[in-house]
Structure formats: structure tokens, C-alpha cells
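Single chain ahead, by itself, as C-alpha cells, in the form predicted on its own.
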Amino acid sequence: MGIFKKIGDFLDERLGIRDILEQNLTKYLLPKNINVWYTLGAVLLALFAVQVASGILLLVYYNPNTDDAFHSIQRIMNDVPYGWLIRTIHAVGANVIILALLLHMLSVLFMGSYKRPRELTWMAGFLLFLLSLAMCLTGYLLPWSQLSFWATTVATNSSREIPLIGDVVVRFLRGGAMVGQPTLGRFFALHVMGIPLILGILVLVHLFLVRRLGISRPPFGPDWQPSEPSTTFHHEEHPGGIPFFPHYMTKDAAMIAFFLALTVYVVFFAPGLFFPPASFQPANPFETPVGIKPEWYFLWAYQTLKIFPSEFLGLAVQGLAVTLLLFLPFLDRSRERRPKHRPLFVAGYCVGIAVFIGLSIWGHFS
């Protein structure tokens, strides 16, 4: 232990390591009434770390070639020691991340934490959500199964409805007229390098904004009042609050353990939940399987395209919804964050959740 203390003293003399740790752990105070929903940020960081680690391990054996991609996945599942476990954790983990992201965004919306001065924090977080969906979409093609081939074909086909440039967009996404080797190469590059690079930068930006502005106080309790508008920067302090370490870090650890346990439970007891039969058949461009549908988090979009008279209208509605959510902090300028004092917003919030769930169920059974 003596050698570690000497190393610690050496670094502390030159970099002030202990002061940095104190300022960000024991002296970093959080609101007394902070709730468990605030732990979802730490949960997402842990889940993303699992995805990165499992993805790197899969890259050792995966071959991004249409002739061998499916068979390389089968080798991972059947021949590589614990390959089935790594691949299943990676696939299930992607779904758990989307679930945690949705819960995180819903909690932020409900508590009004997206409002001034946290507009940029919300926008960075929402862009992270969109990038995570793009990660899932690009990763979906990589196994080169019937499910991934035809799901990608349908997804890229939707872009054809974009006025004037639809055909150009489709050929750009596919790298040709049909889904093939160029598509697999592009999606592979985006999945393992392009999107993760942008996503990593956005994560750092999001964390910087959260730390720089300070944690927003939950809008609950009899003494909560809307903050006064300010034209200058202000870091939100919480005198008399609870230390991040060890008080709140234990809650973070408990929620991380819960989501990891959820992932492991699905991996061992319900692995078929995210692996329909078509995912075990090699891609065949000449045989369209019956009942191909996207993952649960895209079902609402899938059903939206079906209920409108044209796919263009469906895409326009989806684009409008995404744009409104992205710029919501600039549309909702009220300083009030207490849910009971925002009845119209809460009503719209509940209707939005009901529509999302309803369209998803409809899309699943249609």
C-alpha cells in the first residue's frame, strides 16, 4: 500500500488530484429532495460502457461481408467460447438502453428540467437519443439475416417519399439500387466508427453542460418556487444538500445494478424476445418473409406510415414531432415546472405517451 500512497502523493502535489475528487464527490452537493429518476444518466453511461465492451469483443470475430456476415455470427453463437453470451448481451443491451433513454427523457419532460437555462442540455440529450436509434438501425443489418435484410430494405425505402431527393437519398443510404455489400459496408462503418465518434462527443458535451449548470432541483415540495430569469450565467448551487458521494452514488449503483440485472434476466430467461425466427435465417433477396416488423421502439413510426394515405404524410408527421421535441425549450418559455401547475402540458404529455403505446401495440398486431 505504501507505493500507492507515494504515487498518490506525487500526483496530488503536481495536479491536486485529491481536491478534484473532493470537489466532484464529497463536496458536490445535490438537492435534498432529489429522486431516483436522476440516476438514469449514470445508468445510461454504464449501459453504453457494456455496449462498447461487448461490441469490441464481437468485432474480433465478425466479418462485414455479405458472403460471410451471417456465418460469422453463427460461429460467434455456436463455436466461440461464451460468444453467445456476448452477442446476446449486446443485442438485448441495445433495447435496454432505448428503454432507459425513453424513461430519462420522460422524467425530464415531466419535471420541466429542459427549461431555461438548460435548453442546450436538453437538445444534446435529445440528439443522443436520435443517434442511439441510428446506432440500433445500423447494427440491425450487420447479422445479414432475413430479418435484418428486409427490415433495412423497408426502412430505406421510406426515404423514397422525400420530395425531389427521395431516390438520391435511398441510393446514398444503400450505396446502390438494392441493399447489398455497399449497404453492409456503410452501415458497418457508421455503427463501429462514425456514429460512436459523434455520440461520444455529444456525451461529453451533455455531461459538461449538466456539471457546468448544476443539477436542477426537482419541482416538488411546498417551498419550491420558479426561479427568477437571469441574463448572466448562474451555476445552480444546493447549500445544505446531500453529497454526491457516498449518499447519492449508492442510489446510482443500485439503479445500475437493477438495469444490468434486467439485461441478464432477458439474456438467460427470455432471449427469444428480441430474436424472431427470421433472425436465424440467412438473408435471401429473392424470398420475402412473412410478418417482418421493426423493433418495438420503431413500431410507432412503422404504424404511422401505414395509417396515412401516403408515406410522405407519415414521414412529415414524424419529422414535425421530432422537430417540436428538439426545440421544445424554446417553445415552452414558462418558468413554471411544477406538474400540478402545468395541466395543459401534463395532459399533452399523457396523450403523447398513450399515442406512442397505442401505435406501437397496433403496429405489433397489424
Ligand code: HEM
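Computed from a prediction, not measured in an experiment: that's the story for all the values here. Numbers for residues come from their place in the sequence shown, where the first is 1.
Here the subject shifts to the form predicted together with ligand HEM, a form of this protein not shown in this document.
Chemist: Which one, 291-299, 119-127, 264-272, 163-171, holds residues whose non-hydrogen atoms are within 4.5 Å of ligand HEM in the model of the complex?
Modeler: In the other structure, the partner sits against 119-127.
Chemist: Which listed residue (A278, V96, V210, L85) meets the criterion of a heavy atom within 4.5 Å of ligand HEM in the model of the complex?
Modeler: By the 4.5 Å criterion, the partner-contacting residue is V210.
Chemist: Could you spot which one of I89, L141, I73, I215 gets a heavy atom to within 4.5 Å of ligand HEM in the model of the complex?
Modeler: Comparing distances to ligand HEM in the model of the complex, the residue within 4.5 Å is I215.
Chemist: May I ask whether Y62, M178 and T183 all come within 4.5 angstroms of ligand HEM in the model of the complex, judged by heavy atoms?
Modeler: The answer is no; none of Y62, M178 and T183 reaches ligand HEM.
Chemist: Against ligand HEM in the model of the complex, would V203 count as a contact residue? Criterion: heavy atoms within 4.5 Å.
Modeler: Yes, V203 sits close enough to ligand HEM in the model of the complex that at least one of its heavy atoms falls within 4.5 Å.
Chemist: My question is simply whether F187 lines the interface with ligand HEM in the model of the complex - judged by any non-hydrogen atom within 4.5 Å.
Modeler: Output for F187 is no: heavy atoms all beyond 4.5 Å of ligand HEM.
Chemist: Does any part of L324 reach within 4.5 Å of ligand HEM in the model of the complex? Heavy atoms only, please.
Modeler: It does not: once ligand HEM is placed as it appears in the model of the complex, L324 has no heavy atom within 4.5 Å of it.
Chemist: Is L44 close to ligand HEM in the model of the complex, meaning a heavy atom pair under 4.5 Å apart or at it?
Modeler: Heavy-atom contact with ligand HEM at 4.5 Å: present for L44.
Chemist: Using a 4.5 Å cut-off on heavy atoms, what residues in 90-117 are near ligand HEM in the model of the complex?
Modeler: Stretch hits, in order: L101, H104, M105, V108, S113, Y114.
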